[in-house]
Structures are given as C-alpha cells and as structure tokens.
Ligand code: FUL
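Just one chain is shown here, as structure tokens, and it is the form predicted on its own.
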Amino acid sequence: MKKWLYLAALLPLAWACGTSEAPAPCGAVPSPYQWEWQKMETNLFLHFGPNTFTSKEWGNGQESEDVFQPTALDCRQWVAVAKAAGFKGVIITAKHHDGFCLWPNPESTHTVAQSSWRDGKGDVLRELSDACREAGLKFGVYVSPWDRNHPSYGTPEYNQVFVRTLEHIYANYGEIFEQWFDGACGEGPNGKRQVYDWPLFNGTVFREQPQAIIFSDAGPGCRWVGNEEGHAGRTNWSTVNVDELFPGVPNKNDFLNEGLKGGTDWAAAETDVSIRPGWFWRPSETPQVKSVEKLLQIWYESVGRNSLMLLNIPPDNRGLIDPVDSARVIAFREALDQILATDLAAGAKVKASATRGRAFSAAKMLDGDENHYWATPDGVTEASFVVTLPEERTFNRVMLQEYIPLGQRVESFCIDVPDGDGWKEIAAETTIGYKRIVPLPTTTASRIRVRIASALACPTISAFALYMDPILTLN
C-alpha cells in the first residue's frame, strides 16, 4: 500500500516535468521570414550585365546599350545549375552601378529596351523569375542605388526615381525573397554624389514586399559579413545594433564579421563570395575557378559558422553559366552531400546534466525535428550532455544547432572525448547560433561530451550530429 501511495505521489511531478513551459525568448529573435531565410543555407548570386561583355567590374554608365548581346541566354540553364548545386534561391544584379537595367525599366533609358538584343523586347528578370518559380526556387534582386548613367543622380529627385524603380520590379516579377542593396555611392554623370534616403528605400520594400529580407551593411534583414573571401567569424552573433551601422559608410569589419553579443536587432550575417576572382565573368579567369576543397572550406566557414553562403557564379557572354563553373559547383555539392549523408550519431543515446523536463529532454536533439530542442531550467547556463554511440565510430566534424526562434544564447562551449577514466578536451569554441560545425582531428570514440561553458540564458540545443569528411582533414 505504501508503495502505491509513493508512486501516486510521483505522478503529478512526472506530469509537470512533461509539460514544463518553454523558455522565454532571449534578447532579439528572428522574424519567421528571417528564420526561413537562414534555413536556405546556400543561394546563387548572378552578376550579369554590360560588364560581362566589357570585362570590367564596375562600368562607367556610358557603355552603349548594344554592348549587351548574349547570344544564347537561357535562364533555365542557370536555374538547373542552381538546383543541381542544392541552392534554394537565386539573386541577380538587376541593376549594377553602371545603371543598366536587365528589364525594361520605365524610369531609365539605359536598359534592355534600348538594346538591339532581341529587338529591344528582351527581359532577363522575366525569364529568370519565371524559371525560378517553375523550378521551385526563390527569386531575389540586387538593385544598386548608385547610377552612373541616370541624369537625375545626385539630386533629391533621384531618390524618388529609385523608389519607382523598385516598385516596378515588385509589381511585375512576383515575390522577392531577398532585396540586395549595395551601399556603394560614387559620382553620377553630372559629377555629383547622391544622398541616399535609406528609410525611404527600406520602407518601400517593407510596404511592397514585406516578406523580403533586406541585405546591406546595416541590414536590417541580414548584414554583410565584412569580407568577400567567404568566411564568417569563429565568433558570430546574429545580433547587432542596426542603428550603429550605415550602408556604404566604412564600418568596422570585425563588428560585421562577429556581430554583437546582446545586440538589439536580429540581422544574421550573409557571406557573399565569388567562385571566380572577379564578380563578372571574364574568360581569363576560367583557370582560377575555386576548387571543390576551397568551396567546402567556404561552406564550413559560412554555413558552419552561423551564416548563409551566397555564391556568385556569373553567366558568360553567351548568357550561359560556364561549363567549368557548373561542373565545379555540382562537384562541390556532391562532395558535401556525401559527407552529410551519414550522421555518425545515428542510434546514439544522450544524457544531459540538467533538463527542463520531458518535453525538453536531451533526446530531442537527436529526433530530427527542427522544432524540438533540449533546454535546461531557467538560470542554468552551464550544462553538459554526453552522447553514447552504439559502438566506436570515427569522425572529424561535430554539428550543433540552437533553436534560434528563442534567440541566440550560447557564447562558449567545449567538446571532450574519453581519456582513460576521464575526459580530454579536443575543441573549445564560442557561439553556435543557427548552425555550428566544428572541425576536429580525426577521432575514434564511443562517447562524446559537449559542455556549454557559458550562455546568455538557458541553452536550447535543437540538433547534434557527427560527420566524417575525408577531403578536408586536420591530421
């Protein structure tokens, strides 16, 4: 009888443990659109325009419209390459600094409509946006506010011209997932510089395409990573103080690269990098297309460091992606898929030093549901968990993810493996965020421990995995 009374007394406690409340959000958190954006992980950048035909990086705006003459334009080929490479979205330079528009923009006389290409009836944005939607990819646009051709550039009227330019895209080419703003500001054809009205520009995006993530040095949707080499900081917070950043104005690149712990705004880093030395296609650069190994390294140092990888693959002067570039990026995806195909933590059991309750048990990290996560009780910001594998396995990558809808929390963690009767530390890192992949020396073990050394609030870890990369090894 006493035994049954004891068990009955435990039932309310067990029920409470299984229905404990979720942690409160910690600081700035992503919008649903920002979370969906980061889950895309890799997107395709397309630099295409008059520079493709003049071999320049920055055109002067005085090029004849007839210089734009792709002989075999096929946006479906671009999209097919994007899909084969595992990209989820495509962003094109609809208007670069030279002012040339890849669609018939009524606000400009420097567009495809003034070119003899397709008798002035061509429209790259129409073909690409249609191809993206047919293939299930998202469509985004780069629209530079700098315009080295438009006669009103450098006057107050130009800001309204630029807004109408944006509105024309938004009204005619469907949903835009990302609006890419380059903050470059140089002289126009009249020798004057423009004072950009960023609140007006951003407000136009918010009004016409509220789901679009706005990229710039200052966000506010996502921020530049601070370099064009392809690496986010080993410490990388998704939070910054947006009011301390200004598009086109020199910012502290380490601030952009690492973010700000406890920042007031969520603006995760986007890592933009080109598969070639330059951004626009030049035949002389074909021998310098990045290797599979280099692309893997970029992926680890962007997606694997809480960023999004935006890889530029510029179409050539035929209007096709160069076969060298396409073969390389597809080989990169095949190599990455092979590495990620086998989660060496499959079948493991996990035990944590502290847990919030059954709904937030350590096992939630291994169930494959992005909305499930392990969490500790409020106030417990130092904790650990031990993953016990079915047998000894060999690995050299550890993947961790935080449940970022509740904010980014972890500021330092360590990884240990058994060493005799104790543990040996094999890695010490800082932030996690949406995804963190830690490169390790090739290690064979049946157990692995992760110690959260410090966090801004109780940690919320949604995924743990182990991989073996035979291509890039530390030893």
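We number the residues from 1 along the sequence you see. From a predicted model like this one, the values you see are computed outputs, not experimental measurements.
Heads up, the form predicted together with the named molecule isn't pictured, but that's what we're talking about next.
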May I ask whether E63, H110 and E187 each come within 4.5 Å of the named molecule in the predicted bound form, counting any non-hydrogen atom? no
Have a look at 93-101, 318-326, 285-293, 74-82 and name the one stretch with heavy atoms inside 4.5 Å of the named molecule in the predicted bound form. 93-101
Residue among W58, F53, Y33, W423 with a heavy atom within 4.5 Å of the named molecule in the predicted bound form: W58
With the named molecule left out of view, choose which of F48, F45, Y434, F413 has a non-hydrogen atom within 4.5 angstroms of it in the predicted bound form. F45
Interface membership of D182, the named molecule in the predicted bound form, 4.5 Å heavy atom rule: yes
Contact with the named molecule in the predicted bound form for Y173, defined as at least one heavy atom pair within 4.5 Å: yes or no? no
Do E167 and the named molecule come within 4.5 Å of each other in the predicted bound form, heavy atoms counted? no
Taking the shortest heavy atom distance, is F246 within 4.5 Å of the named molecule in the predicted bound form? no
Taking only heavy atoms into account, state which residues of 267-293 are within 4.5 Å of the named molecule in the predicted bound form, ordered by sequence. D272, W279
